[in-house]
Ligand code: SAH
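The data below hold one chain only, encoded as structure tokens and taken in the form predicted on its own.
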């Protein structure tokens, strides 16, 4: 049976994204456009637009579509914004960001994931993404300060290097908690300190690194 992936994307956005309150038109347009099925292994492509996360290589996952949309909308991105992504993974979230903002700096710890993600992103024509293999919990100091930072793995606590690399008014969205359950937090840097809000409970793979999980 041939799958009409265009119709699958339309259905995903209507039934999973819009109905749950996502209103940002650029996010909706990006998720209708980006071929999510190309970001998952072949055996999972039939479920690429399902309302759930899916496994990818190296025991990692591609996030549930709604979580991608919610995290992106929470960043309040503008067209001139510079964004740091911690955890390139499949590259799907990277592509969504690249559709909306000026430049995306993305850091991935696992070389195998970075190789496949950057190859696909290049093939899809993205030219505003800069990537490197490194410990994402250290951020990417050379390009700070960032208008927004998104972390796509669960951290045991807020990594201080990421807070330090936020611009004034910058937004950080990150899951924080234990290895089984996290609270998705939004942090905003203000002149008098950091404002914090909790968005929802979630479950991400562990954030590995010096300021994350050590094992």
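Residue numbers count along the first chain shown, from 1. Since we're looking at a predicted model, the values are computed, not measured.
Another form, the form predicted in complex with the named molecule, is not on view; read the next lines as being about it.
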### Query
Mind checking whether each of 98, 148 and 170 has a heavy atom within 4.5 Å of the named molecule in the model of the complex?
no
### Summary
With the partner omitted here, the residue among 27, 62, 166, 70 that in the model of the complex has a heavy atom within 4.5 Å of the named molecule is 62
### Message
Residue-level contact is defined here as any heavy atom of the residue lying within 4.5 Å of the named molecule in the model of the complex; does residue 137 satisfy this criterion?
### Response
yes
### Message
Please determine whether residue 153 contacts the named molecule in the model of the complex, using a 4.5 Å cut-off between heavy atoms.
### Response
yes
### Query
Can residue 120 be called a contact residue for the named molecule in the model of the complex at 4.5 Å between heavy atoms?
no
### Query
Taking heavy atoms and a 4.5 Å cut-off, does residue 113 contact the named molecule in the model of the complex?
yes
### Query
Counting only heavy atoms and a 4.5 Å cutoff, which of 121-129, 73-81, 140-148, 100-108 contacts the named molecule in the model of the complex?
100-108
